[in-house]
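To begin, one chain is listed below as structure tokens, in the form predicted alone.
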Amino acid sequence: MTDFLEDDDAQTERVLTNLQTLRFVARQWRRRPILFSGVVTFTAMATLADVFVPVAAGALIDAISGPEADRQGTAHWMALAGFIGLAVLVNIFRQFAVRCEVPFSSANMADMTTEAFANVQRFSADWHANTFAGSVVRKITRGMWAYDTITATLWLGLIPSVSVMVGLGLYMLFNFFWVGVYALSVTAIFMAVSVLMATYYIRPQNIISNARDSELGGAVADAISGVAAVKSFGAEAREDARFHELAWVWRRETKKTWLRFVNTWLVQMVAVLALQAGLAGLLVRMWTSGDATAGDVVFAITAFLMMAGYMRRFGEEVQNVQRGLDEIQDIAGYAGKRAEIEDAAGAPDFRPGPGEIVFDAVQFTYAGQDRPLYEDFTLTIPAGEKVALVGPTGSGKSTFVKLVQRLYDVDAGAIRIDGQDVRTVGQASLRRSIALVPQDPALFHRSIHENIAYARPDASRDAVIEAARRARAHDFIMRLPAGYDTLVGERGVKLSGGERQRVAIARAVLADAPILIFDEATSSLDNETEAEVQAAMADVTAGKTAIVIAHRLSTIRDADRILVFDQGRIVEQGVHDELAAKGEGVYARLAALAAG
């Protein structure tokens, strides 16, 4: 079996009970009380009319076949009008109920999906690193349609089914006591067994097959997003085989789920047959003894046909609701999951200043680690200084940047920017004052103009072009077929690495943030492109506080200060020539390797 497993999130979120999940759905129903009351009211009226259809059928038979029947009178016509009128009312009220449910559910689905998207966006960087994007997409879209299934099935199907079956049983109880007792007993046993089987027999297996379904979505997204690697290694057949294996794992678990649905139908068959035999037998016996009329027998037969139909629907509806609850619980879990990094209550916006950064006795430990990476870490970066961070992998450089952005919270001490503790201000406003150019820029499948303007959506066309000029991107953009309106493809695949970097730098320029961070911005570029990007970096960092992470020392020769990290500590600091001239030391060793 392949080692592709569903993300950790899938294993941790599926802990909600049916009741917890149903409470989440009920919160969606409360969004639009007027439309919701329309659904409930018209459904109730349709159900009430439906209960009296068999009664009207019995009255019609008595009117045309009873001892007092009068072919010339009007009683049978009135009975017929009552029978037809009830059927008309049932359908009219159902039509009104559905016309309320359509705008009600579609609006709630849009709101619920938007909130799920918003929740996921605010989860931590670690959560996203450990979660397959394709699985998340699958869960949100599956949950959206599950809401529709639950709402339509419950209010337009399941609740009316129960109401009609119970209503007919109660009518029988008051008019034919033992017939009513029998009908209500069979109905109650059938409903109880159906719910128990759905909860304890179908649900556990359904959750497993849903997990495999999410795996399948994650696998598709994973392979397609990495299609360049697939093609470069000629691995299409290997990926086909891997996906085929996952698809058949899904098939195995889904087949088990579907067979459990089929098995529950046996309960439905037994209940329907028992109801048919019991109702017909009891009423015919009462007719033979003179305790029931022909109309009563017709009522029983009509009631049975209705109850049998609703029993079949009830079994399917319980299973559909259970399936919907299983499929929506991921979104419900997202709604109940707290973001790891939260704004303090009433946190004010960050007030941008000149860009001074202070680490004050900071301690930080990654989740799952026993030993702190940073311990009593203290550092001040004055406003306007260009600082380079170097050191071996895992030494704490990238963590430094993430703490500045407050992607993690410190365990002790404080990080202050322009005198403001980053934990006391709004995260969004803080990050808008820090422009990041990563090693692999995240571009959206939108136009180049939109990607640059992402930093400041209200920027004018001229401002976007000026930012591109300063980033040395304008010339290559103008050579593209549609210029600034060229779509860059998913994650910017239509552009080269250097072009993506320059678009990302233009975006940082447009942000006009007091702090700029370049995280390995030139590590994957050729020498000529690196020179262009370095020139752009030198231009855009003028007068800004700049943090540059680099392995290629050519990128940081002009830094005001170089900080050498090792195991979460700064072991050396100074300028390039000073540090490279030392006979020993981490930086001297790195400089020697770069020169060699």
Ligand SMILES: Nc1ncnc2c1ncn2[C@@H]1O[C@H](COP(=O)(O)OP(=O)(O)O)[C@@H](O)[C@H]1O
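The term rigid core refers to the most C-alpha atoms you can superpose between the two forms while keeping them within 1.5 Å. For every residue, the number given is its place in the sequence shown, counted from 1. Predicted model only: the values in this text are computed from it and were never measured.
Not on display, but discussed next: the form predicted in complex with this ligand.
In the predicted bound form, this ligand sits beyond 4.5 Å of every heavy atom of residue 424. Using a 4.5 angstroms limit between non-hydrogen atoms, residue 138 is distant from this ligand in the predicted bound form. Within 4.5 Å of some heavy atom of this ligand in the predicted bound form lies at least one heavy atom of residue 402. This ligand in the predicted bound form is approached by residue 366, whose closest heavy atom lies within 4.5 angstroms of it. For this ligand in the predicted bound form, the listed stretch (318-326, 146-154, 96-104, 393-401) containing residues with heavy atoms inside 4.5 Å is 393-401. For the options 495, 430, 357, 373, the one in contact with this ligand in the predicted bound form, meaning a heavy atom within 4.5 Å, is 373.
Contact with this ligand in the predicted bound form, defined as a heavy atom within 4.5 Å, holds for exactly one of 261, 408, 190, 171, namely 408.
For residue 367, a C-alpha deviation of 2 angstroms or more is recorded between this form and the one not shown after rigid-core alignment. Relative to the superposed core, residue 569 shifts its CA atom by 2 Å or more between this form and the one not shown.
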